[in-house]
Ligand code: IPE
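Form predicted on its own, single chain, as structure tokens, below.
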Amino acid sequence: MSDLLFSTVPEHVAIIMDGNGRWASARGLPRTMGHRKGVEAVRETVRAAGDVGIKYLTLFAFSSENWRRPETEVTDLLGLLKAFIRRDLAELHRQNVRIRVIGDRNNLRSDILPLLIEAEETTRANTALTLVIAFNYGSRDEIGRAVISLAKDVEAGRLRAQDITPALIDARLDTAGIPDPDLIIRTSGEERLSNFLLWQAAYSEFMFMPDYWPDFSRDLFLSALERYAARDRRFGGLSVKPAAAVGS
């Protein structure tokens, strides 16, 4: 890894893990095999993020729209999530990884919610990488729930409508206390956010990679970080990098 990468490691990377089904279809395999192979890519990416000093890694594991998929595929996805937590939680805890889950928890299945809570509670005091799992997550739903929460405070007289600020909205989101992502990566070649971190992505850098998620490796991740390190983030202002010399 170059000195450039080490000098500008993003604090927070978020990933839309796309392409499991297409990876499997291209190999004549059932879609479930793509999801299973994708779990291996998750493990490798979590290790790589911790090794380079990233503080927050958010993975889009299951969207609020994924419930519309065939029941057999949903069942398999939920089974993989449960297996990941049961198998990997102890190892993540030993590595000082903190787990945080974002998404709507209302009416979650009774075999899923306790596992998510257990993962958070077990790792709550850990101080290395924070692994944020977006489960049953949709950004519009998240923003809607935040607005309802603020509206209830206004209705009860605890808050004046004119005092609502972006910071107050931010504090009611599922990601409260988590810095906005510096870099959002999407695999599989698709170039859209798909209802992921819409509020938080206001000044994020985007990277759309052609590789399907099961093929996402440590080398691909480090390559993406090096490309990020070469970018000039201005946050709506002027460049802070020196201008290139004429003829360079």
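Predicted model, so just to flag it, every value in this text is computed and none were measured. Residue indices: 1-based, along the sequence shown.
We do not show the form predicted together with the named molecule, though everything after this point is about it.
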item: Interface stretch in the model of the complex with the named molecule - options 218 to 226, 66 to 74, 47 to 55, 200 to 208, non-hydrogen atom within 4.5 Å; value: 66 to 74
item: Partner proximity in the model of the complex: residue 184 to the named molecule, non-hydrogen atom cutoff 4.5 Å; value: no
item: Residue contact check: residue 19 to the named molecule in the model of the complex, 4.5 Å heavy atom; value: yes
item: Residue 27, heavy atom within 4.5 angstroms of the named molecule in the model of the complex; value: no
item: Exercise: residue 43 in contact with the named molecule in the model of the complex, heavy atom 4.5 Å; value: no
item: Partner contacts in the model of the complex for 145 to 169 (non-hydrogen atom within 4.5 angstroms of the named molecule); value: none
